[in-house]
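Below you will find one chain, with nothing else, as structure tokens; this is the form predicted alone, and questions on how it binds or moves follow later.
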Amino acid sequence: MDDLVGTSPAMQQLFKDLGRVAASHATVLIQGESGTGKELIARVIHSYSSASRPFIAINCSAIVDTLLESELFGHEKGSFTGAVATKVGKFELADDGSLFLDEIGELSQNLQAKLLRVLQEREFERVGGVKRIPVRARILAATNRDLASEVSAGRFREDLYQRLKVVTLSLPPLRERRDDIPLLVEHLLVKINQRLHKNLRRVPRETLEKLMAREWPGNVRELENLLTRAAVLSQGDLLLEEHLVQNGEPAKAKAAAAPVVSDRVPTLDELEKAHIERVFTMTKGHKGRACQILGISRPTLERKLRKYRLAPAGED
């Protein structure tokens, strides 16, 4: 709960709703834009209702549809090619704790139907199995999509939507609670300083005003990434405007750069490669700091370096 920061009316209402929700075992649908802290809310609900029991999370958009069913429900040995042993799925692993289904709006129609049946009957079978296994876990789901609109467009089952929205929590975007930004900056800097062994703690009023004026499409996650980059670039305890970067480049340098006119739109790979190169320039080739700024793991970074044939020289 200490990681939830804010005194705005929207956040105060959210705190009240969380207290009521945590006391029940009802299914909860958490809605909000990317970066608003949906998984954090799910973990808070779990910690206040069944902290000693498992919290199992799965990102429904990160696993291909053919494997997601096995991830959710498990499979029996020999049920398909490659199933060399019985596997326990997330529903079983959650036991009598909480199962967090992140990005549930990305589920295929086929898996939507199977999930609906599980929620209705409160039991399931492993892939290739016949034994019925009871569902004991509390279901917490999250999405950055407007599921009501998805239902109207025919992309999401209405009956599943009704099952999921027993209790709905809507997280406000950061641009709608700008007055919380100074508190968030103070809170996030404490975490970032501990993680990076820095001492960035003084933020001038002018810098705070710049932060409060931004739109923050990435919400709190974007703010944390920006402050992390600032901590990497800073040498003392003062957060300066030149430490604030946008799209991997210092704000002042970006504003002074001459506009480039081109009809060609770069590919995603080209943009990603250029962004990684900029980050390595900022960190002087330090892979550890680059991972922190990019928000990716070391193996993922190494894979991307091989993919784009980048070989920065520097510290690990």
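Throughout, rigid core stands for the largest set of C-alpha atoms superposing within 1.5 Å between the two forms. Numbers for residues come from their place in the sequence shown, where the first is 1. Bear in mind the structure is a predicted one, so any value in this text is a computation, not a measurement.
Here the subject shifts to the form predicted in complex with a small molecule, a form of this protein not shown in this document.
Although the partner is absent here, residue 11 sits close enough that one of its heavy atoms falls within 4.5 Å of the small molecule in the predicted complex. Of the heavy atoms in residue 310, none are within 4.5 Å of the small molecule in the predicted complex. The small molecule in the predicted complex is approached by residue 221, whose closest heavy atom lies within 4.5 angstroms of it. Taking non-hydrogen atoms only, residue 46 never approaches the small molecule to within 4.5 angstroms in the predicted complex. The candidate stretches are 30-38, 62-70, 48-56, 273-281, and the one lying within 4.5 Å of the small molecule in the predicted complex by heavy atoms is 30-38. Proximity to the small molecule in the predicted complex, defined as a heavy atom within 4.5 Å, holds among 232, 184, 211, 133 only for 184. Think of it this way: in the predicted complex, the small molecule has a heavy atom of just one of 191, 77, 117, 202 within 4.5 Å, and the residue is 191.
A movement of the C-alpha atom of residue 46 falling short of 2 angstroms is seen between the shown form and the other one when the two forms are aligned on their rigid core. Annotation: residue 292/residue 217 CA-CA distance shorter in the predicted complex than in the displayed model, change of at least 3 Å. Relative to the displayed conformation, the Cα-Cα distance from residue 292 to residue 47 grows by 3 Å or more in the predicted complex.
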